[in-house]
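One chain follows as structure tokens, the form predicted on its own.
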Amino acid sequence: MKNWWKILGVILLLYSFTVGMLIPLKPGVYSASPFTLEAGKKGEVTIYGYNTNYTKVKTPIRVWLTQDDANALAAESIKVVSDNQLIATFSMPTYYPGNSEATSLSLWVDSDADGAATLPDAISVTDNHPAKDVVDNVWTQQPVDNLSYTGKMTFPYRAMLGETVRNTYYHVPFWFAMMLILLSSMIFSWRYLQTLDIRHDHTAVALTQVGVLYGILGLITGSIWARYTWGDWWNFDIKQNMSAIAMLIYLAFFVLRSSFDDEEKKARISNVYNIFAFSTLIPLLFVIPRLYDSLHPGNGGNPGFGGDDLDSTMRMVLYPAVFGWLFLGLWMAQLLKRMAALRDKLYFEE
């Protein structure tokens, strides 16, 4: 079947929309308060869960504060307030491993109804005692082990992202598809310069139009995500700035084409520019952002999605979404190319 890839693209997008929105997030820990506890004293921590079922457990819930993989402090008592709220009581040790006066502790909650959930850097403790070589053995009495697992199909929960983790299936595929489409556009520009076949020019322009559209959609979805996770629509992050510059370079491609009346001259100069524009994407999107501090995952030492952040369940939706948007983009480019060919035909008939 000649147009199988179009049908496949529609199926993949419908699949990514449906599955990406219907699969629930894994139960997690939304927040904990107070943020600071005092060393050597007893303290209560109120734990707020997300998608949790604390009142439906069959075995007692377990809660820990952990400094690292080797040092864990179990809660003395746990009170279930509601499906989404616990109160855990800890007798905080006097001394803490390491030489720092302040330490950050992660919170772990384990229940048979929801599985294991963690909130990194949930609690801060200041240890002002000078005897750093002394460590309370309470840290190793009840380690974090035998964690529960529900086996349900869920997306990973991260307190900073919440439900916006689903934007992964839109924001990321737009950029992946954009890069592949603009690469194809550059190849057709090269072929036009070699053959002067106007059909290659039409293809390059059509692909560039779709690629820029995807780039703009990537900026919009990224800005929405930044508003939720970073607190503002535009944070002047290095990746944001470089992406915006890249789109401006490509928008100049269309300004350049509109400045010529001679069709052959327009095609030659704009296709040379298109090759130049694609060559700027590599340093702007992949090199420069890695040289500076960045809020964006995968840049400036900030790790990209991986491990629990992008688990096998999310990959089942992300990769089909990439190919779905790619096939849809190629379909749109094909239609734009045909429109350009029809315009040329009408122009020469006149």
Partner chain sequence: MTLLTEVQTLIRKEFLVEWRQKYALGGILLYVVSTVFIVYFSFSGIDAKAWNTLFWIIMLFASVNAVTKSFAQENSQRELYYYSLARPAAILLAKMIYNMLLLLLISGLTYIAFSILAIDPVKNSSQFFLALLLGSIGFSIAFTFISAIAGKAANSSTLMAILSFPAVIPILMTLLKISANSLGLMTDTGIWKDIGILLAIDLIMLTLTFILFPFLWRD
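Residue numbers count along the first chain shown, from 1. Bear in mind the structure is a predicted one, so any value in this text is a computation, not a measurement.
A second form of this protein, the form predicted together with its partner chain, is not displayed here; the remarks below concern that form.
- Scanning V272, M153, I224, V80 against its partner chain in the predicted bound form with a 4.5 Å heavy atom cut-off leaves one residue, V272.
- Comment: its partner chain is not present in this chain, but in the predicted bound form one of F176, W190, F90, W108 has a heavy atom within 4.5 Å of it, namely W190.
- For F260, a non-hydrogen atom is located within 4.5 Å of its partner chain in the predicted bound form, even though that partner is not displayed.
- Remark: L284 counts among the residues lining its partner chain in the predicted bound form, judged by a heavy atom distance of 4.5 Å or less.
- Proximity of S124 to its partner chain in the predicted bound form: non-hydrogen atoms within 4.5 Å are absent; the residue sits far from the partner.
- In the predicted bound form, no heavy atom of F35 sits within 4.5 Å of its partner chain.
- Note that among 197-205, 164-172, 215-223, 273-281, the stretch whose heavy atoms approach its partner chain to within 4.5 Å in the predicted bound form is 273-281.
- Against its partner chain in the predicted bound form, the set Y15, V19 and M160 makes no contact: no member has a heavy atom within 4.5 Å.
- Residues from 243-271 that approach its partner chain in the predicted bound form with a non-hydrogen atom closer than or equal to 4.5 Å are I245, L248, I249, A252, V255, L256, S259, F260, K265, R268, I269, in the order they occur in the chain.
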